[in-house]
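Two forms, one protein chain; structure tokens for each follow separately as structure 1 and structure 2.
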Structure 1
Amino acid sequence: MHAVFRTVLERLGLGLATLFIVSIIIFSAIEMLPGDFGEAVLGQAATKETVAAFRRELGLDEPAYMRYAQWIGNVVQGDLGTSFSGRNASGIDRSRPVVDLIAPRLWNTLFLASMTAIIAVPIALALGITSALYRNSIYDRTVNTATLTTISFPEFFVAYILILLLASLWPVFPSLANVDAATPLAERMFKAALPAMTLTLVIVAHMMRMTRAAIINLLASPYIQMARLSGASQTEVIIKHALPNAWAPIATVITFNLAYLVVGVVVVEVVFVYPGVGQLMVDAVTSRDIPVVQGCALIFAMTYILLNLTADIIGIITNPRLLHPK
């Protein structure tokens, strides 16, 4: 078996094992959340017998290991369970499958992440390459200062600053990104502008600095010096010699930041009331909707692990020592 193919299979197996461990952590963490769904629905005036009967109806009276086995077995079959949110004390059950709740929200989150990536990746690559070319210049120091500033601020602070500047003092964009399935594409992009700008400012700094470091490291290599001595221009040195060897670390950094875009949007979605998976998860935690919390957390974990595996595989494929083993 080829070394690259074998390594990819090993990474996939490791990813599945990691996902299994993460599922245990998710289930255990949710078990330790304070409060109880039965008491939250029935109220403090409910008797212990009523709460116990309600918990028995939901299956919450079974041991934790049995509920985990049932949950993970259903997940393997594509069933994330049924939401508790449609149940009430009168016995009426209007609950919906968790998949039906997550699917439209996941589309909104992926749309926001894609919109941010389309803006952020080219900007980060351009800033990283030009900063490496003009190292220690005023331009380089200005870009580094700006990126360090954005890195030091948490997402919610950047979001509130943008709301203050672009939605309050100068009302250019709406402060609430309330979109739905019927929202046209242009209007959806307009309403998601501030969340996308917030995420862009956060991730551009990471990608730019890693790109700059990768290019600077390669520019000090002997083969780059030889290319310069042979009369190659600065543009040829970067495009023909440096970039082909820098794609592996750059692609890895980009993929890691894309994983953050999908998984780390919870705070941004809450600030802008954007109807994504992060907002759904926060609402589910507030209402003690255990199946929805578990489903959202598992979707986040699967996305992060999948994108990290993608970054790892890209690094393997772009490494000549693995592509041409002895």
Structure 2
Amino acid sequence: MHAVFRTVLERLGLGLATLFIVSIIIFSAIEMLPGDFGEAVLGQAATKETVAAFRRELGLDEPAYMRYAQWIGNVVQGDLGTSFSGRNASGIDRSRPVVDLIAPRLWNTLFLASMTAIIAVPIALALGITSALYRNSIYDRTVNTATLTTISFPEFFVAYILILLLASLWPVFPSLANVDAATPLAERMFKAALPAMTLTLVIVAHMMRMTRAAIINLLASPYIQMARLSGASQTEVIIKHALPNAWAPIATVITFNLAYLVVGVVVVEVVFVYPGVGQLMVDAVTSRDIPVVQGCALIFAMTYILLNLTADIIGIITNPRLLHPK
């Protein structure tokens, strides 16, 4: 078998194994709940019968591995269980399937994340590469200090500064990003402008610093000096000699930051009351609605693992040592 193919398969296998273990961890969240949570969910007035019925519904009487098998089977078919909220002591159940709660919000979150990525990735790469090339120039030092400052800011600080400036003092954009399924694209983008800007500022700072470090590292390789000494111009050194070896580090930087975006989105959604998965998850944590927390966590973890997997696979398929084995 070709070495690249084999290594990619190995990495995919490892990714699957990680997903499996992560799913077990997330599943076991419900195992760790204190014994009286049935009462907590259904309220003080819940009768013994309704609590028992609720426990039966969750299958708490069956052994854990059976319930895991059932749960993961449902998850694979797109069923994330039923929310705890909407239940009450009387046994009347107005709860909704977790999937119905997550699906529309997932679309919103993905929209915000992609909008940010489309703006942030090119800016960050351009800043990172140029400051690596003009290392220690005034430009480099300014960008360096500015980004070091930005990564030190909590996301909500950046968010509120933007709100203060662009929504409150000079009202250009709305401070509430209340979109729904019917919002047309242009309005959606307008409303999501401030959240996207917040995320962009934070991500660009991180990504630019990592890109700069990766490029400096690459330019220090002896083969780059060799290329210079054989008369290659700066452009040729970058395009022909540095770039073919830069895909792996650049892919790592990009995916790492997209993965970071997945997390950063939670806080920003709350600040701007943007109806995404992050806000849903925080609400669910506050009300200890475990099935919803599980569903959201599973989606975030999956995205995160898939992104890292992509970076690794790009690294593998661009590695000349694996592409051309001995």
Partner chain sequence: MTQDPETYSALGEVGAFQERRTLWTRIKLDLKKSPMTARFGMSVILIYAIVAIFAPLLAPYGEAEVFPVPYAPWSSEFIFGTDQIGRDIFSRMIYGARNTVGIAVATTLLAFLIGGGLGLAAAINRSWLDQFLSRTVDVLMAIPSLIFALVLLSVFGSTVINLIIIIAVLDSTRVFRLTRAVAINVVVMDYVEAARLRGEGIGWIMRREILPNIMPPLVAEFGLRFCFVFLAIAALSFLGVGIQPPTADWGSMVRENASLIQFAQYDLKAGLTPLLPASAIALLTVAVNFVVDWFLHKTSGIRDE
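The term rigid core refers to the maximal set of C-alpha atoms that superpose within 1.5 Å between the two forms. Numbers given to residues start at 1 and step along the sequence of structure 1. Keep in mind that this is a model prediction, so the values were computed, not measured.
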Quick check: structure 1 or structure 2 for the form predicted in complex with the partner chain?
2
Superposing on the rigid core, is the CA of Ala69 displaced by 2 Å or more between the two structures?
yes
C-alpha of Val271 off by 2 Å or more between the two structures on rigid core
no
Having superposed the rigid core, state how many Å the Cα of Thr286 shifts between the two structures.
2.6
